[in-house]
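Same protein, same chain, two forms; see structure 1 and structure 2 below, as C-alpha cells.
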Structure 1
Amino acid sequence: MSLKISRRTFIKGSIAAAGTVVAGTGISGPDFAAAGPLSDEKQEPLSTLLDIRKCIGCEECVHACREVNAAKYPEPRKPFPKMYPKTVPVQDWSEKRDVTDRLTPYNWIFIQHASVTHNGEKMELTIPRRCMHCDNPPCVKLCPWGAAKQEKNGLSRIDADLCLGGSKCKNVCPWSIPERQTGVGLYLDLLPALAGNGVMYKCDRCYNRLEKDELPACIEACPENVQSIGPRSEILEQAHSLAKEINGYVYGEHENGGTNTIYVSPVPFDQLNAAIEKGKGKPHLAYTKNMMADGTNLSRAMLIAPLAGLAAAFGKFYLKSKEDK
C-alpha cells in the first residue's frame, strides 16, 4: 500500500479508532476528550509523548500535517515590496513547498535521522520534530505584536492575521522553530517597506481539531503509534515509566523550564544531538536553560505585555474594519 493511501486511510479513520492510539499508552479516549477543548478553563495542559523507538521514518505524520493544515499555509503576494534597510532578508518558500527534510512555513513537522552506537549496539533512530510547545513560551511572552498566544490547553500558536514577521519569536526560541514567509500578512497593508517582511509559521498542534475533540493530524495518521496525547502529569508519568522499562532517557520535561512535547529515547539525548543534522530549520536536541527565567527576558516580557495587547487589539480592529468595507 502506498504512503498516500495509508495516510488518507488514517486521516479518515474514526475518532473511536484514533482513541485506541491514545489508549495504547493508558490514556483513554474520553480522558483526551475531556482535556481537549480550548474552552475548558480548569484543564491541565495537554502534552504529547513520542516514543522514538517506534518511529520508522515513514513521514506519514509529515504528509498528514501538510494535508490537514494546507488551508493555513501562506499565499504570498508578488512582487515583494522593497525593504528598508536592504539588509532585511526576503524569505520565500512558496516555490519550495515540497521540501520535507526541515521546518519551513509549509512544513511544520519533519523527521530527523540519527545513526548511533549505544552499549555496543548500532541503532538507526528517526525522530519527529516540530514546535516543543513550551510551558512558558518565550515566543509568546516576547512577541511585541501580540500575534503569538498560548491557549489554555498549553499549545502555543502564531496568529497569521496579526503577525508582522519580525522573527522575534524565532530569535528567542531555544530551538529556532518558527519560519518566515515574505509577501503575506498585515505588514503589506501597514508598513510594507519597514515592517517585519512577512509572517512567521510553526506547528499549532492542530488547535482547530483539538477544539472539536479531534486528535492532531500527526498523531491520528501515525501507523506505529509513536505519539500519544493527554494531561501533562499523566504523560510525564508514562514517560518516566517507559524510560525505566527500557533503561532510557526523557527530553522535554525540564528543557526551557519544561515543554509539552516529551520524548523518550533508548539513547542519551546528548548522543542523539551529536548524531543528528542540525542547522537552519533543523533544531537541536541539547539541553537548554529556561529562557524566561532570565532577568532581562522577564523585564522585557513585563514591558512588552501591555504594548503587545494594544498592538493585537489594533490589528484586530484594522482587520475588522477591512471586512466591513
Structure 2
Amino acid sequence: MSLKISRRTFIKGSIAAAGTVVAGTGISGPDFAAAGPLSDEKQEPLSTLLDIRKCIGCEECVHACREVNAAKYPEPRKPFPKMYPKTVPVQDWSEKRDVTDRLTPYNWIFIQHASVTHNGEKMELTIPRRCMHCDNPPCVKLCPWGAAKQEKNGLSRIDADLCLGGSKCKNVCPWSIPERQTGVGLYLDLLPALAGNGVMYKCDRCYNRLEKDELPACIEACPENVQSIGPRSEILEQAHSLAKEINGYVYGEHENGGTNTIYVSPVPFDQLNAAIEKGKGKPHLAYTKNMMADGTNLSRAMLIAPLAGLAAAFGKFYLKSKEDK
C-alpha cells in the first residue's frame, strides 16, 4: 500500500521533472518515470540533473531541505567540553541556524549567484549547491573510522551517531562540503578533551525518503523543476542531449573522477566559477581531478609486490646455489 502511494509520488515527481525536460529536448518523459522505484537496490546508482537555466533562485529547495531534515540537525550540549590544545577550533552554528547563504551544519543546500555575459548576452544565473555525491567519494573512503558510508544508489552520507568530527572528510573533499558542529556526538562519550570535535554534516540526498520511494525534498519542492533524478546512464544521456540542444556545458560528469550530480549550464563553468562567490561553505565550480586515482593506481602495483618479493628470494637462492657449486 505504502509502496503504491510512494511510487505514485515518485512517478508524479519525475514526470514533472522529466516533463519539462521533454518540452525542451524531446526526451521521453514516461520512459524516464518508468525507470523504476528509487529504492530499487539492483538499479545502477542514481544521479541528479540540474538544469541551471531554469533556476529562479527562489530558495524553495533550501527551505524544503531544512524542513524535511530538521530532525537530523545537531542539538549541541553546552557548555562545550574544553579541548586541547587550546587552538582546536570550536565550530558552533547552533546560534546561527538561520544562515541560508552558505553550507552549514543546519543548511545543506544553498543558492549561488553568478552575473555573466556570454555571447553578448547578460545573464543572472542562480545555482543550487550541495554535496556532489561523488562516484568514489573521498569523504567516505578516507574517513579513518567508517563513520561515512556510500550506498549502492550512489549517495554518500555521514552517520551522526558515529562521526567524531575530526573534519578529515571536509579536508579531503574537493569541494570542502561537510560542515562541523562542535558539542554533539560520540566524541563527548570518549575523550572530548583530546580527540574529536563534534559531528560533520552535509546533504545525505534524503536517503530516508529514497528508501520510501519518495523524491529528495529539494527536488520535489522546486517550482521550476530544476532537478531530476534517475539512473546515472539515463541522467547523463539527458544531460548531454540538453547540453547539445542549448549549446551548453556539463559539470560533474568527470569532476573528481565522476559524480552523481550533473549540472547543465548555458555558460561555460570556468566563467561561472569566476563569477560566483567562493570561500568557506561556498564551493567552487572548477574542474577537479580524481582525488582517489593515485591510490587506485598504486593498488595495482600492490598486486606486483608479492611477485617482486618472490623473484628476489629466487634470485638470492639461485646465486647462492651457484656459489655453493
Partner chain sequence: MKATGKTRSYGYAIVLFLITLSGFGQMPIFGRYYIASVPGLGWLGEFYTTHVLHYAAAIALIALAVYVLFDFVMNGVGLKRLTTSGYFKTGIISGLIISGCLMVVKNFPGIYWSHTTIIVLDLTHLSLCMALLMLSLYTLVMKKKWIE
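Just so we're on the same page, residue numbers count up from 1 along structure 1's sequence. Because the structure is a prediction, the values reported are computed rather than measured. Throughout, rigid core stands for the largest set of C-alpha atoms superposing within 1.5 Å between the two forms.
Colleague: Between the two chains shown, which is the form predicted on its own?
Modeller: Structure 1.
Colleague: Does superposing the core leave H284 with a CA shift of 2 Å or more between the two structures?
Modeller: For H284, whose C-alpha is compared between the two structures after core superposition, the shift is less than 2 Å.
Colleague: Honestly, after the rigid core fit, is N297 moving at least 2 Å at Cα between the two structures?
Modeller: For N297, whose C-alpha is compared between the two structures after core superposition, the shift is 2 Å or more.
Colleague: So if we fit the rigid core, how much does the CA of A312 shift between the two structures, in Å?
Modeller: Taking the core as reference, the C-alpha of A312 is shifted 39.0 Å.
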